[in-house]
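Have a look below at one chain only, the form predicted alone, in structure tokens format.
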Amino acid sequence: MTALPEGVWRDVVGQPEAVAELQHAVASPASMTHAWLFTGPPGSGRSVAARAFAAALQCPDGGDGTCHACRTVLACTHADVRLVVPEGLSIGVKEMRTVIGLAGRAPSQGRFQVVVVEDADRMTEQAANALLKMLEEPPPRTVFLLCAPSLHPDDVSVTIRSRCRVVSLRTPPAAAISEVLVRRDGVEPVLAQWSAAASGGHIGRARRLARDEDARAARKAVLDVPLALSSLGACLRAADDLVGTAAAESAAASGALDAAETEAVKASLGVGARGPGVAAASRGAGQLKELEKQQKSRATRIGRDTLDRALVDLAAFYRDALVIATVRGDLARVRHLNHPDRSADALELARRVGAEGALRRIDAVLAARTALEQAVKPQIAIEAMCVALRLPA
């Protein structure tokens, strides 16, 4: 049984090299720099590693995980740690300028002012330019921690990348994820192994699959799609189901937040008050409209992320079929499947579409992802994809 990282690093799974590099930076001021870029595929724990690093930087003992500084950073309540998370589709320049203004101040409690930018690839061009100016002339005790999927210019501009020290994370192995689920989360070993294998190396998703029956049912529904596309009607029904599921998850996730936020803004504006409060409420109509705009953007993002997760599962399933087709259906020769619990279905799919057909269908799924990124209506993009995935007669 391998030793798991402790302290603030306990949730940084399967990244021993990255953890060692970050611990060295905390312990050796000479190796410290003002800007760090955490890269890695979805589920590799970019934001988890960045937050752990932020806690270690503020901790007098380098990240023991028990002190006030560690606990407040990890709980996102530390006065000198700013967390930038895109609520909607992007991180705008107004939000970035506000954070930069606060980051330029001297720390009030900790050793540094730390800014953690999750999904830095979602910064608008104007927001990225505002950040770049700060990175070019950083305050002496401010540290920026950026998280992005890769070093590609589409994710992070070359100029920002050149001013950052890069920490590369990898997809955690299934064995490491399973071990964490068992030892830290108390999941039964058999369920932990299945969840880890089915998660695609995504520790967060592995936890959801292990804990949530609805998450397991949603994954099953997605992986049932390829062998169900026997007619045009079946294709359109499958598209309706995929889009409808994403819309329902978006509504469920954002509904409660929307109501609480709207009530809080109305209360601050004095909506429903009498006397002087009436004038203040009328002047705050613009704030309510801005909030509604932000909420709509957040709901759109949640829906797209849900659809994207389904498309990633589909692409991985067709990849399994492609691998099986290349070895002529001999599963004993396959070293790795993304969905090992669905190997029989992947074998049947490989038999029906062949290697070339599986490859074409992977391209169709990736094209749908690109279309969604370019703001094509989900119904149109998913219907086109499902028709392209239709099984041969």
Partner chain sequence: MPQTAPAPPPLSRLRLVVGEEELLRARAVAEVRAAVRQLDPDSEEHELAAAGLPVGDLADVLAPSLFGGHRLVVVTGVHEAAGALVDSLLSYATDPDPGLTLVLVHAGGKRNEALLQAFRKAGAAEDTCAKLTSAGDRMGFVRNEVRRVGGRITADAAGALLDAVGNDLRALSAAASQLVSDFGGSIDADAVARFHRGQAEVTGFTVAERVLVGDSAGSVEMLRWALDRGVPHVLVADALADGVRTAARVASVGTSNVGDLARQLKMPPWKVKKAQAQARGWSIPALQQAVGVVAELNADVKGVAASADYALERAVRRIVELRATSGAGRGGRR
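Positions refer to the first chain, counted from 1. Keep in mind that what you see is a predicted model, and the values were worked out from it rather than measured.
Same protein, other form: the form predicted together with the partner chain, not shown, and the subject of what follows.
- Proximity to the partner chain in the predicted bound form, defined as a heavy atom within 4.5 Å, singles out one entry of Ala251, Leu257, Leu102, Leu232, which is Leu232.
- Residues placing heavy atoms within 4.5 Å of the partner chain in the predicted bound form fall in a single listed stretch, namely 232-240, out of 166-174, 94-102, 232-240, 126-134.
- Proximity of Val376, Gln379 and Ala384 to the partner chain in the predicted bound form is complete: all three residues have a non-hydrogen atom within 4.5 angstroms.
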